[in-house]
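In the block that follows, a single chain appears as structure tokens, in the form predicted on its own.
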């Protein structure tokens, strides 16, 4: 059984903590993975599931008495008066927090370039992005600083960084983990999840932090769900599907050598999966629908973000700026302290929500969301899950990426938003290297099928036997 957590349970926790803190500083100098490193951290003595094991937490999750900035200049000195439910659950179970990880500002974007402390670098190649928005959490796990880290996922913000850094990223069913204490981006899409080296560890962590929370009305009682009980069960007879318009190289005009190689390896892995008794079938979905997933996501996410972050004015939160009146004060605060990317998204969100634009943009985006969720729900009555490459490329170079949201992107790079649209459990595991850089394999299943999806991912992890990039 592959598990760093189980391996560490009986190790000397004082030595592990000192080692994690030393690695955190070393990695931070190289990759800017942490906003805050807790050098005065003490080994948690609670005799729970983690027994003093160190971990890292994304900086948009509130921690009472500990700086929590969401990597935004607007909150550069914000220390919350309360803690998130997920953080308290880990504290109760004996986990030791060593630091808060760097992220794209307020979780918006996947570039790892908008944190107020600077861009985040991929530990496998520091000229490249680790993906975002859970950039620092992915880097901390990939670089061996901690055995697991908590992240959040609104479009693919756990699963894409996992793909780019060669680790596991798991987003549970919407509501399985409480969002209380999470600084919201887009509330109908936001999920708390975990990044780890191995599938077992991702399941282990979520098994202990999931559950109903009276402070989060969207959470549900999952006490009857054990994510570990059947994780090693034989998956012969399981049924998976992939989408022809995404996985068939003939659907692409002038595909890159990189995409050709990734899809070729994907098809090789599908053959290997069939050889162990799993049924894998091809289905077709209208390419027009697939190609507007990202556009619909942008409309919905920016609209919700504009509303959720309207309190970032320098009055309720943040240090006040000068102004002749309250409106000028708020304008100066938001103009000075938000990055250009965030301001651009607020403009889009406000435009989408204007009364004269709602039907054309926001309502139509919701129709796209409802359409793809309806299709997926129908498919999930026949199949255990959807399997596809997590992306059609390795981590891009930081110098090559921007956040041009008007650009049409390939569906292969945007399909994981389906997991957020439907609130489905979704996990990315490493499956291939291209030019010595990793690409992940993503599996998404119906709501509350987390134990089944983790079982499939666990057995495919064994089958693939991925070799780390080092």
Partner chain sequence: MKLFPTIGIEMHAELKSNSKAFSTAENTYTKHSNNHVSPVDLGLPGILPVVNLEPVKKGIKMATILNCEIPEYLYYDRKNYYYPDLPKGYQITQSHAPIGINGHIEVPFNGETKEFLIHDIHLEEDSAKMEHLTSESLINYNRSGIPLLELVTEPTFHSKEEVMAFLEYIRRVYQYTDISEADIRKGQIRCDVNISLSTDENTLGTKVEIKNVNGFANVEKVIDAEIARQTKLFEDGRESEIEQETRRYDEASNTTIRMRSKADAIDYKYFIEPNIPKMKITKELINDSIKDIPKLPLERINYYKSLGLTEEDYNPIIKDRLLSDYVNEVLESKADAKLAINFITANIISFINRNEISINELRVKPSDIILVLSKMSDNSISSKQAKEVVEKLLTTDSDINSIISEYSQNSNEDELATLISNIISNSPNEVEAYKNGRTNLFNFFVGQVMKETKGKANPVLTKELIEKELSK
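Predicted model only: the values in this text are computed from it and were never measured. Residue numbers count along the first chain shown, from 1.
Unshown form predicted together with the partner chain; subsequent notes refer to it.
Listed stretches are 329-337, 127-135, 148-156, 229-237; the contact stretch with the partner chain in the predicted complex is 329-337, by a heavy atom cutoff of 4.5 Å. Residue 179 belongs to the set of residues with a heavy atom inside 4.5 Å of the partner chain in the predicted complex.
At the 4.5 Å threshold, heavy atoms of residue 203 stay clear of the partner chain in the predicted complex, well away from it.
Though the partner is left out of this view, residue 386 does not reach within 4.5 Å of the partner chain in the predicted complex, counting heavy atoms only. The partner chain in the predicted complex comes within 4.5 Å of a heavy atom belonging to residue 316. Comment: the partner chain is not present in this chain, but in the predicted complex one of 268, 256, 377, 310 has a heavy atom within 4.5 Å of it, namely 310. A single residue from the set 371, 360, 287, 215 has any heavy atom within 4.5 angstroms of the partner chain in the predicted complex; that residue is 215.
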